[in-house]
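Just one chain follows, in the form predicted alone, and it is written as structure tokens.
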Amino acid sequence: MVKSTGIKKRTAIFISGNGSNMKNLVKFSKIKNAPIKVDLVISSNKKSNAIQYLKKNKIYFKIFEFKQKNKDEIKIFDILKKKKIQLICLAGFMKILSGSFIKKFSGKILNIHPSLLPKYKGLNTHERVILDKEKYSGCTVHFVNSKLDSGEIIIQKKVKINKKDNPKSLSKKILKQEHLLYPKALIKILSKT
């Protein structure tokens, strides 16, 4: 159980895709003892299906396509300050944040990655895992540092790969586990604070 301090961390979620992990975190944040409150969503994709969901649920969001990364990061940092954001959850965010941005939020940025890190950092993890005939894959929630998918691991979940699995079926299986794992990671790190 989450130790309820009654104060939820003001959280921003960064997305690039359809936002299934974001929707899951929003749902989780509405549970009475959840340690987070979603105050902001940053999307790098103006065509994301998540935008409709954000409008419907009246969640404040901004779109930055990172065409001018430095300028966009400065603007994002200003919004984070205005909104008094205490935690950032990357959820399928396909842009790489600069080292200086990460430094400003050191220890307060989390990411979920669809592999058992440190194995299979970066993109196309499911294809690579199947190609290498791995018996297991999974997902990892970790702190973000300036190296890609290399921050301290918070929690992992192992998923068995069946002979019939292809990248798509494996992706579906792992995504289900991601939805369970991200809230667990938040409880793990925030029930201490």
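Sequential numbering from 1, following the sequence displayed. Note that the coordinates shown come from a computational prediction; the quantities given were computed from them, not determined experimentally.
The protein also exists as the form predicted together with a small molecule; that form is not presented, and the subsequent description refers to it.
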property	result
Close approach of Q177 to the small molecule in the predicted bound form, 4.5 Å, heavy atom	no
Exercise: K108 in contact with the small molecule in the predicted bound form, heavy atom 4.5 Å	no
4.5 Å heavy atom contact, C89 to the small molecule in the predicted bound form	no
Interface membership of T11, the small molecule in the predicted bound form, 4.5 Å heavy atom rule	no
